[in-house]
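First, one chain by itself: the form predicted alone, in structure tokens.
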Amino acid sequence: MADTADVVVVGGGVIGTSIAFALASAGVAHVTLLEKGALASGASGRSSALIRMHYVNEEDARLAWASFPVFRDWCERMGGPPVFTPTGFVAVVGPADAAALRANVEMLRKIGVDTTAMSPAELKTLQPHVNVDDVGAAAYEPASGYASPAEVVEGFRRQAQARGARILPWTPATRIVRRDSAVVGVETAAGRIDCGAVVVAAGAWAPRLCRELGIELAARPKALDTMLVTRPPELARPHMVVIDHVLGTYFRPEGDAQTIVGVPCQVWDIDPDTMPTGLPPTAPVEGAQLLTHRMPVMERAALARGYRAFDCYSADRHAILGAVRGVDGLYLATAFSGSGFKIAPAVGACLAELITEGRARTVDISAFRPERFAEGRRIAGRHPYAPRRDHQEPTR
């Protein structure tokens, strides 16, 4: 006899556990989350977990802004130890994008975000170790920072279970069962679970699961390269989180002694089950060049380690969220394109509202609907920056 649930969530990362928590909090009695390995063993566990609101489009910014209080006030809202480290955040752009940055700062301020546009000289005063020679402008968020990925996922797991959700790690979803125009269950290695709704929050595994249902996602799995360095004594005090649109990278402190560096990567269509997790030989060299260009004092930093992770990137580099038209009971929360961690609390709330009430109230997520690509309505900001190299597909 098959097991049963009201909603099955496929994926045990930050998105899946946030959705399970929000569904259980909304009173859904039988929520089951399936994860093929340990919780946070995919993209979430290797996330750099930047917590910031700076986007060039309002839709993502509103999700980040709605999520921010959850990270900031974690102890009061979720219990357990704090998960958020406030460091301040800056986004830097080149001279050609300075006007766009100022326009985006105004958009964010209208939403309510505490952010300010700065000149290169003002940035230099704020962060003396930063090289501003090729910077045209910067956006500063004094309250932003980064989170602990494992602690966030564990917090959502703990509170979801406390509200009655069933969390099943080491239980892969082998197939979503569809009957005519509706999903009716999920096959697992331990047997079938009959249910009325399924949320695919499986990251890089989502395209495969959807393809087996006859649904082709406008999304592709992609590798992400990251390295950690031990800072020199001159930077004993942690620096701010930096997203560098000039160089196509980011830096953030990791504790009191190390810094995480994002290395641009153009390796697409990876298999998350078999992808090697080590960095290619060229990545540390490139990461060091980027880091020392922006922060010359880092020439005396020492490489600690590096790793290759993965995520699912949509065709417009924004999440795919919402119900699948023509397949009753199927919902998607995937293809976050390297930026899902910071918006996970709001995504969880929105998906729970959509499933239980028929629409999302926390933030309007209609722009992220799966069918937008077929409709020719891709998400784009009014004032974009020069394309990031790691977002572009390699030329052949």
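Start at 1 with the first residue shown and count on from there. Just so you know, these numbers come straight off a predicted model, no measurement behind them.
Keep in mind that the form predicted together with a small molecule is missing from the display, and what follows is about it.
Per the 4.5 Å heavy atom criterion, the small molecule in the model of the complex is contacted by stretch 302-310, the sole one of 276-284, 123-131, 158-166, 302-310. This chain appears without its partner; in the model of the complex, the one residue of Ile215, Val113, Leu224, Val177 with a heavy atom within 4.5 Å of the small molecule is Leu224. Scanning Gly94, Gly88, Pro172, Gly248 against the small molecule in the model of the complex with a 4.5 Å heavy atom cut-off leaves one residue, Pro172. Heavy atoms of Thr356 never reach within 4.5 Å of the small molecule in the model of the complex, leaving it off the interface. Although the partner is absent from this view, Gly338 contacts the small molecule in the model of the complex, with a non-hydrogen atom inside 4.5 angstroms. Within 4.5 Å of any heavy atom of the small molecule in the model of the complex lies no heavy atom of Ala22.
Using a 4.5 angstroms threshold between heavy atoms, Ala202 counts as touching the small molecule in the model of the complex. Taken together, the three residues Ser314, Ser366 and Pro370 lack any non-hydrogen atom within 4.5 angstroms of the small molecule in the model of the complex.
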